[in-house]
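The form predicted on its own is given below as one chain in structure tokens.
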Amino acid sequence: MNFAFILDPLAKLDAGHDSSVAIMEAAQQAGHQLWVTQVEQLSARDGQVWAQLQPVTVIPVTLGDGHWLAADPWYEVGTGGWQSLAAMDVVFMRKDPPVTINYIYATQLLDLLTPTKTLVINHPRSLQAANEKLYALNFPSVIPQTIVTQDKTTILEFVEAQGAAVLKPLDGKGGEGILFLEPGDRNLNSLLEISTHWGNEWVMVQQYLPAAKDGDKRIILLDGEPIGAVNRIPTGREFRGNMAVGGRVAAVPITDRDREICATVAPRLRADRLYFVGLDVIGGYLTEVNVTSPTGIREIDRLSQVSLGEQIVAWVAAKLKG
């Protein structure tokens, strides 16, 4: 089968960390043809979406001294050209956030594909609709106390009532722009003015969960089912556990509470055709639903001696058959 990946430039990917590369390796090992392209290389013509597709061969990582070791370079790209994406069996939309207007336009082009002929992961219209912060609001029974607002006074009242809170930009990624808020901070008013662009942009504010010091769990869901998890633990004076800001990772089980959260969100995820998703869970509460390019596969594979990429590729093959 033909597996196409819409990615950031290959040279910018970390083969020992990036989930996209793990899936590519598994697809190649299963005998499938890999193709790569970028958002900027999509076009529409004659009612079809086209892409400048290049064939790629990846050199699998190896495990050494507790880390994934990648060749340099870890990929070989062949000569490509314009092809209709309708010729692909599956298209992985794995462009990293932020979700810009060009990202939205790209998903609208991908919406020209016939779902019964070409599987798009995740579904284009759902990528348009499912903001990774706001989507969690659909599951009020399993999220912490949360507000979304542009209003500084509303945030100040919330922080005062909660004792401490965490502010998140709605378009952030990898922990960028997340702030810890507490009533006694002399900079609090200024922080809120800057974060909301003086009351012109929405932010999400959630109650601070003290369990965050013990880690922010990433749970990978495949078609609504949890297939692996990793804990991301803050280091030093940093309160964020995101790997992008230096959080260390540790093996962690999927608990009964985690499965309850997954069962709560799964029907909506399946209805929205959000097949490959990363849930963020702190202290038994769902905090985010990552749908654009969820990461964590490499860390879960290394710590738990599994291959989530193989599971994903096998699921794709089974779904395409029928």
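Don't overthink the numbering: it's just position in the shown sequence, from 1. If you're wondering where the values come from, they're calculated on a predicted model, not measured in any experiment.
Missing here is the form predicted together with a small molecule; even so, the following discussion is about that form.
Look at 40-48, 258-266, 23-31, 274-282: in the predicted complex, residues with non-hydrogen atoms within 4.5 angstroms of the small molecule sit in 274-282.
Using a 4.5 Å cut-off to the small molecule in the predicted complex, not one of G228, S293 and I300 places a heavy atom inside that distance. In the predicted complex, the small molecule lies within 4.5 Å of some heavy atom of G174.
Put simply, Y135 is far from the small molecule in the predicted complex: not one heavy atom of it is within 4.5 Å. The closest heavy atom approach of A212 to the small molecule in the predicted complex falls within 4.5 Å.
For the chain shown alone, W74 is not a contact residue for the small molecule in the predicted complex, no non-hydrogen atom being within 4.5 angstroms. Q207 is the sole member of T118, Q207, S195, N122 with a non-hydrogen atom within 4.5 Å of the small molecule in the predicted complex. For the options N242, T107, S126, Q162, the one in contact with the small molecule in the predicted complex, meaning a heavy atom within 4.5 Å, is N242.
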